[in-house]
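There is one chain below, alone, in structure tokens, taken in the form predicted on its own.
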């Protein structure tokens, strides 16, 4: 399953809830304000680093760039463009958006 989170970890607990339910073999995609969770020094950094042991974590590059965070991405988080976003949706049989 592809888990898609779009809320900042500073604003809502969507990322925390997602990580509590995401299973090995799935994937996590951070978009919009959720990309702050993919950056070094944020409140969710530890949780993201732990999650990387069980599932791939992706962040949408254009959203990182729009927030000036493209140079601060946690090691192991893969940055994808819009085409990569489409590829992730196509690769996974199901997806869940965490609001």
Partner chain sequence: MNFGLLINEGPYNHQAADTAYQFARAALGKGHRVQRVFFYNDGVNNATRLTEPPQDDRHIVNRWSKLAADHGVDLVVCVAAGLRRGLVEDNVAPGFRISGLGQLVEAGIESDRFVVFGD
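Positions refer to the first chain, counted from 1. The model shown is predicted, which means the values in this text are computed figures rather than measured ones.
Keep in mind the form predicted together with its partner chain is missing from the figure; the text below concerns it.
This chain lacks the partner; the member of 74, 69, 52, 31 within 4.5 angstroms of its partner chain in the predicted complex by a non-hydrogen atom is 31. Its partner chain in the predicted complex is approached by residue 6, whose closest heavy atom lies within 4.5 angstroms of it. Not displayed here, its partner chain is kept clear of residue 10 by more than 4.5 Å at the level of heavy atoms in the predicted complex.
For the partner-free chain shown, 67, 82, 83 of 65 to 83 come within 4.5 angstroms of its partner chain in the predicted complex, judged by any non-hydrogen atom.
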